[in-house]
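The chain below stands alone and is given as structure tokens, in the form predicted on its own.
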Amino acid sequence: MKRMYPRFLKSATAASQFPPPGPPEIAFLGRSNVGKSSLMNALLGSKQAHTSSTPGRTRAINFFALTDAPPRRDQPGRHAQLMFADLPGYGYAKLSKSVSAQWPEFIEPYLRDRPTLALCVCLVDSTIPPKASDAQLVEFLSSVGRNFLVAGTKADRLSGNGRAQALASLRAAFGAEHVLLCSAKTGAGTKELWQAIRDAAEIGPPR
């Protein structure tokens, strides 16, 4: 599947800083060491989301505007077809309290009230047992009626049998009808994830 062309739009640490509602938005959420930025960069085909050796560095919601063709000189303001929102990680011991304190301020309002939020991609580490914090996130999204997808990262580290077991474990833990495994390193599962994103956003294939 052809790539889309991203550009960084803005960061927000308060609901008043969110960009005006526009095209459908896809939110990426996960624990601080789950590989969220790496997977987003793999989907985008370029280094947009910041990856760091220090888990939990992202402390704002970072918005990226995506178009289905590169910008042209005669169309510098080409309208975005899609938006990605990179949310702060959670669950890292040194930052869990401060990140948790931020949820009611701007993260929870975004997930609960954002009118253009089409899909929440909940990233979990497929190489370890499901965590309570991941289950709490899925429960919250279900309670506010959000469409979500559980994506198990780092699938390249698993054998064939390991992938089957991880998939079964994720389905059992989260009760999610739509669960998939993916890898930022090999690209496995990214085509399926893109298709789920496009279906949720109700946009066709790139031209």
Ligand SMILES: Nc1nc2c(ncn2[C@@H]2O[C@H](COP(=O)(O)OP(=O)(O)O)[C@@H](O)[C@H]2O)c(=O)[nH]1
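Throughout, we count residues from 1 along the sequence that is shown. As the structure is a computational prediction, the values presented were derived from the model and not from experiment.
The protein also exists as the form predicted in complex with this ligand; that form is not presented, and the subsequent description refers to it.
Name the stretch, out of 151-159, 167-175, 138-146, 60-68, where some heavy atom lies within 4.5 Å of this ligand in the model of the complex. That would be 151-159.
Report yes if any heavy atom of residue 26 sits within 4.5 Å of a heavy atom of this ligand in the model of the complex; otherwise report no. Judged by the heavy-atom cut-off of 4.5 Å, residue 26 is well away from this ligand in the model of the complex.
So in the model of the complex, does any heavy atom of residue 185 sit within 4.5 Å of this ligand? Residue 185: contacts this ligand in the model of the complex.
My question is simply whether residue 34 lines the interface with this ligand in the model of the complex - judged by any non-hydrogen atom within 4.5 Å. Yes, contact at 4.5 Å.
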